[in-house]
Each structure stands twice: as structure tokens, then as C-alpha cells.
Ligand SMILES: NC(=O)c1ccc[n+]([C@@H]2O[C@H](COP(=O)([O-])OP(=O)(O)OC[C@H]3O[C@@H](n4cnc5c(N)ncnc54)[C@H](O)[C@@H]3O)[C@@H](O)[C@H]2O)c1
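Okay, here we've got a single chain as C-alpha cells, the form predicted alone, with questions on binding and movement later.
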């Protein structure tokens, strides 16, 4: 694989993304540093001659206790602001490593080496860090872009199928936000993506980085257009919270959330119905759940989770909707509309 590099500028800070070997995540300048990984990714960090914090794996460990372990170790190692915290893992590890770096001595250097597709196209790029708090996803966090991001597509070959598909949902989301070419590729070349063909996967990652990077460079702290990247996430985060962060992976929840957002758009006359149905069919072909609320999940529990969503403004909960591919807007929705789309199976059945 040819090593390629791209540079972004997020909030006045340069973020350099490199495709290559995961071993390159630790450079010569990282003599003073700390590797953060979890039980699933410590095998990738085994050869690095730096101190390591091995966290327990899973969303349930994305909390203050894990952050304290990282910070306690940094203090014991006498690290400074010029030291580097290196996160090697999926979205949970990347979010926590970057958050710890953002608060240690008010900000030390950070490198991320994402090992899942979801982390490669989402969590490691753009500077959002955070932990879950009080039962709500990413309620506590900061904006702190990684100085360096190292992407090794080879790590995806051993990724469990469910984790891989979780990342594909975010790739599909990026396509919907403004890449008709990527959307058509996902529709026509499904077999290549399902089989993780290196060329198809790397090109989709590169395209996703271009799309997300453009949004973040224009609006680093999400005061405006960056919020479009949250398409499907208001419904998704509520579903994750309502199921105790265990019933659905993040990508599975986002795929479902996009169908609910499209359904809301159809109900309100915002979204082209044929486009909404096109997206639903694509998501179904990739194996995502696209119906109404899953069995055992109540409307009340999802609505309650939505009250803590970070996209609220002046007390109103805002939803990211679409008119068509690349034509995105943010609007408030009546509670009656939200309840309707939570209880209607398919977009095609929406009035």
C-alpha cells in the first residue's frame, strides 16, 4: 500500500493524517509518552517501547475512571506538556486518549492510531473527544484535534463483522452528506465493501476524510454547518442510551437513526420520498435494521434520552434532516412527529 498523507487545519491546529503501518504511530519524537489501548488492541501496542495503559474494552468503560487511570499514569511518569499520549484502538479508546490529552496540563500532544473503520472515518478525525456521563453518550468532552492520525487499513482484516459494519454506516452517512459518487459506489460495488477489498475500503476512507474534514475546517466547534455531520445521531444516541449502550453498536444506531430522520423529513414534507426510500433500501442491503423501535424499547425511553442531547438550542431539540443527497438542514420537530416516526416501520408507509 502506498503511504499517503493529508493535512487539515482544525481550530487553528494542524492535524496530519497518514496511511501506512500502525508501527509508525510512535515516532522518534515520542520518547516521552504514554500508549493508551484496551484489551482488544494491546496486541498492536506490544512492540512499542513506551509505558502503556491497557483499559477494559467496551462503551461501558468510557468514563471518568478510565480517564483517571490515564492521568494517574501520566503523573507517575512525570510527563509534560510536550509529551505525547498515543491512543491505539477504536472510537472509545480514541475519544478517551484525546480527552485525557486535552486536560492533562491543559493540553499535551496527542496521536491517534484508529484500529476500526468507525474510528478511522469518525472518532479520530475532527477533534471531538469525550466520555459518557450520567447515562448519556459523550456528555462530557472537549474539542481537541489529534496532532497526528495514523491509519492502517490492514487492521480491518481482523475486525469482527459487526464492528466493520458499524464503520460502514458512517461511510454511508458521509456519502449522503455530499458525495453522490461515493453513494453510487456503495450501491453498485456492495460486494467489494462487504469483502473488505483493500482498494475499495481505502478509497472510501479517503473520501470520508475529505467530506468530514471540509465540514470541520469550516466550523470546528460545531456552531453551524458541522452539525450536519450529526445526521441520524439524535435518534441514534437516544437509542443507544435507551438500550444501555449495549443493544446496538454506534454504527447500527446511526443507520437506524438516519432512516428515522428521513422518515421525519417525509412526514414534514422536507425530504424527497424517493430519496428516503433509496437510502432505506441501501441500508437494508448492508444488513442494518431500518424499522420502527426495536422490540423492548419504548417511545418514552427514547424521548427521555433525547432531552439530554447536545444539539439542543434554547431548550429546543434540533434534528438534522435532508431534502436530498447533499442538501441538509437543521430544524426543530414537533414531539408528535418524533413519536410518529418512532412507531412507523418503513419510510414507504409514511403518509
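Positions refer to the first chain, counted from 1. A quick note: this is a predicted structure, and the numbers were derived from the prediction, not measured. For the two forms, the rigid core is made up of the largest set of C-alpha atoms that agree within 1.5 Å on superposition.
There is another form of this protein, the form predicted in complex with this ligand, and it is not shown here; the text below is about that form.
Of the candidates 228, 165, 137, 148, 137 is the one whose heavy atoms come within 4.5 Å of this ligand in the model of the complex; the others do not. Think of it this way: in the model of the complex, this ligand has a heavy atom of just one of 290, 322, 41, 66 within 4.5 Å, and the residue is 41. Just one listed stretch, out of 183-191, 114-122, 252-260, 197-205, contacts this ligand in the model of the complex at the 4.5 Å heavy atom level, and that stretch is 114-122. This ligand in the model of the complex is approached by residue 95, whose closest heavy atom lies within 4.5 angstroms of it. For the chain shown alone, residue 284 is not a contact residue for this ligand in the model of the complex, no non-hydrogen atom being within 4.5 angstroms. Of the heavy atoms in residue 174, none are within 4.5 Å of this ligand in the model of the complex.
Residue 109 falls outside the set of residues with a heavy atom inside 4.5 Å of this ligand in the model of the complex. Taking this ligand as positioned in the model of the complex, none of the residues of 263-300 brings a heavy atom within 4.5 Å of it.
Residue 324 is not among the residues whose C-alpha shifts by 2 Å or more between the shown form and the other one once the rigid core is aligned; its shift stays under 2 Å.
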